[in-house]
Ligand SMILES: C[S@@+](CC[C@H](N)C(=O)[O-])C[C@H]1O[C@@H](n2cnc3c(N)ncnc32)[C@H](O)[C@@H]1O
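What follows is a single chain, given as structure tokens, in the form predicted on its own.
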Amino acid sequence: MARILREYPSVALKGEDLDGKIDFCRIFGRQAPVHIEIGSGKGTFLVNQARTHPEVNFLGIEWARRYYRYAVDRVGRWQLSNVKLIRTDAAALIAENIAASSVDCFHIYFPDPWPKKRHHKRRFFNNTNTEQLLRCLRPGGHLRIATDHAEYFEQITNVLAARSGRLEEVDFLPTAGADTGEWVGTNFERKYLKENRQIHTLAVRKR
């Protein structure tokens, strides 16, 4: 029997409700560090991390409607008041609705690699989006990345290396939901590990 996905208005943010830059204090009802996950999938990371770190506000961005609905349902069932989700284009949201120096950490785990060369322009990591991430990060804020795609990882490291004057590499520590041998414990990671794919990780801090 298929799982019935419930809607939780307290979890879901609507793009049409946003007016300018997001006021995180208003939407979460408190002042707290802000972490944003780009590409939340079914919400595995968000639920595990938010349960372990109730002192942090988490915003998940997901474009795929079926994953977004599943994540909202999962967060709502856990009654997590420190997680919000929005279904929208991440690049546009970050550029238009996230204020400068307002984010403590961006989590980007297993972004779509768009492996065909003609589709590389669709990849999230490019100069424009990276500049927006750095604009939004607070000094001392982190950017954490994991991917199974070696060529995309090389592109990501090259993009970040070009900004080494503003970033310093730090240790990538496993997240709250990671089991032994895992880094982030997401559904994609577990699938790729079963396929014996190598997982590439990188964490940097804004100077």
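The structure displayed is predicted, hence computed values, not measured ones. In this text, residue numbers run from 1 along the sequence as written.
The protein also exists as the form predicted in complex with this ligand; that form is not presented, and the subsequent description refers to it.
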At the 4.5 Å heavy atom threshold, is A64 in contact with this ligand in the predicted complex?
-> yes
Would T130 count as a contact of this ligand in the predicted complex, using a 4.5 angstroms cut-off between non-hydrogen atoms?
-> no
Should G41 be counted as a contact of this ligand in the predicted complex, where contact means heavy atoms within 4.5 Å?
-> yes
According to a 4.5 angstroms non-hydrogen atom cut-off, is D104 in contact with this ligand in the predicted complex?
-> no
Stretch from 6-14, 195-203, 180-188, 19-27 whose residues place a heavy atom within 4.5 Å of this ligand in the predicted complex | 180-188
Out of N97, S81, T88, N126, which one falls within 4.5 Å of this ligand in the predicted complex, going by heavy atoms?
-> T88
Between 106-123 and this ligand in the predicted complex, list the residues on our side with a heavy atom within 4.5 Å.
-> Y109, F110, D112
